[in-house]
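Listed next as structure tokens is one chain, alone, in the form predicted on its own.
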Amino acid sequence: MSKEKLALYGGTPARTAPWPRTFPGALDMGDEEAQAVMEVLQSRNLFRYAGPSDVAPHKVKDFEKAFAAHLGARYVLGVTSGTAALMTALAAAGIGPGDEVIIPAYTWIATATAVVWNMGIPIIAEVDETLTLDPEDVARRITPRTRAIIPVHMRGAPCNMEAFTALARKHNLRLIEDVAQANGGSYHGQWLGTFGDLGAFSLQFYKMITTGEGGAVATNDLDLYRRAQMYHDGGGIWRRDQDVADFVTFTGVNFRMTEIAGALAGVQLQRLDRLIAKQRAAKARIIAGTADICHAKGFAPRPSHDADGDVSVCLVYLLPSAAAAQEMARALQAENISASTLFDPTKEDWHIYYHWGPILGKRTANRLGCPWTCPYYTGEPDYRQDVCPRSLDLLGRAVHIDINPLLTDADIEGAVAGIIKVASALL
């Protein structure tokens, strides 16, 4: 097929309608969420612990119990955001001055800033072809100062949790899973967020299920749960509905989830499996429909540590070069298929360490440069923009296509036709 037939070069698009927007939980909201929120408003008990009504809805507590049951975890704590979940998990794990925490080169910057605001030092490691944290590179970056590893299940794909569990055990490290972009995913039949000491989840607007902003922390360890409770509630673990009289308190912050957020989260949780099932079916059909052209033209979907456990929020193809990826992404956009490359050095994107100016420049709100200048820290982190060249190469060659539960048969068929059309002409 010639380039002239591509919409990018004046041809007729494979699809005429815009690609459905990707807000899975938000676009599936309905009367159930409205009713749950109205129950809170009518009770006037917007605060999870107290209010003017004698009959409080207890929406946050109900969500925590339901999410714990869903995960098969002993404890879940609702918080105000995914970043708050990471900060709470790190605080519960005791991360502080002088401690190094290994994180991936490809993750939202909050994974790094959460470490910094617990006075730890983020150490950036490579991702592998799954675009998740590479266990072999993590092993190379472990030092006597390393205290924790944060595998991030990026863009719905599970990390190699078998390898990270073994690494954490071997080196006596805390394992904290960042599940912000993979809520509802699994690895070999076990829910993501339950492999490590703690799992951090996001309920932000773009995530699988949402409260607008919100998050949760999961753990099976009672002491870690108590520490998380204390940290997220200003040290308020003394509240009378908590059986923690024997626990020594420490200072904390305020990351308490509101009853309105709890109401939304409880209803949205009931939708999670159905939304993911739709995404998985759509992604599987596009992969199957483009298998022949991938084989013929020498490109392929990114591999997975467990394809069955992938949340399928996206489909990523790895192209032979960054130039080919950029042209393919532009061509797919012209065919009305939501596509982009994952790394472009000229376009700032805080999902890529390369663009983390505040981290690479060691800049925080305090004038002294802590935690990097903290006298307890004796290392020197490598924050060069090319510190993870393999990650930049992989991300630069990656073409990302959004998948969401709203895709119709026509959308899926149009996507297959468009990908075949573009790849035939360009590769």
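In case it trips you up, residue 1 is the first one in the sequence shown, and so on. Note that the coordinates shown come from a computational prediction; the quantities given were computed from them, not determined experimentally.
Separately, the form predicted together with a small molecule exists; it is not shown, and the next lines address it.
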Interface segment, criterion being heavy atoms within 4.5 Å of the small molecule in the predicted bound form, picked from 276 to 284, 106 to 114, 124 to 132, 340 to 348: 106 to 114
The unique member of Gln204, Ser186, Thr146, Asn118 whose heavy atoms fall within 4.5 Å of the small molecule in the predicted bound form: Gln204
Proximity to the small molecule in the predicted bound form, single hit among Ile209, Met87, Val152, Leu77 (heavy atom within 4.5 Å): Val152
Distance check, Asp178 to the small molecule in the predicted bound form, heavy atom within 4.5 Å: yes
Close approach of Thr194 to the small molecule in the predicted bound form, 4.5 Å, heavy atom: no
is_contact(Asn160, the small molecule) in the predicted bound form, heavy atom dist at most 4.5 Å: no
4.5 Å heavy atom contact, Thr290 to the small molecule in the predicted bound form: no
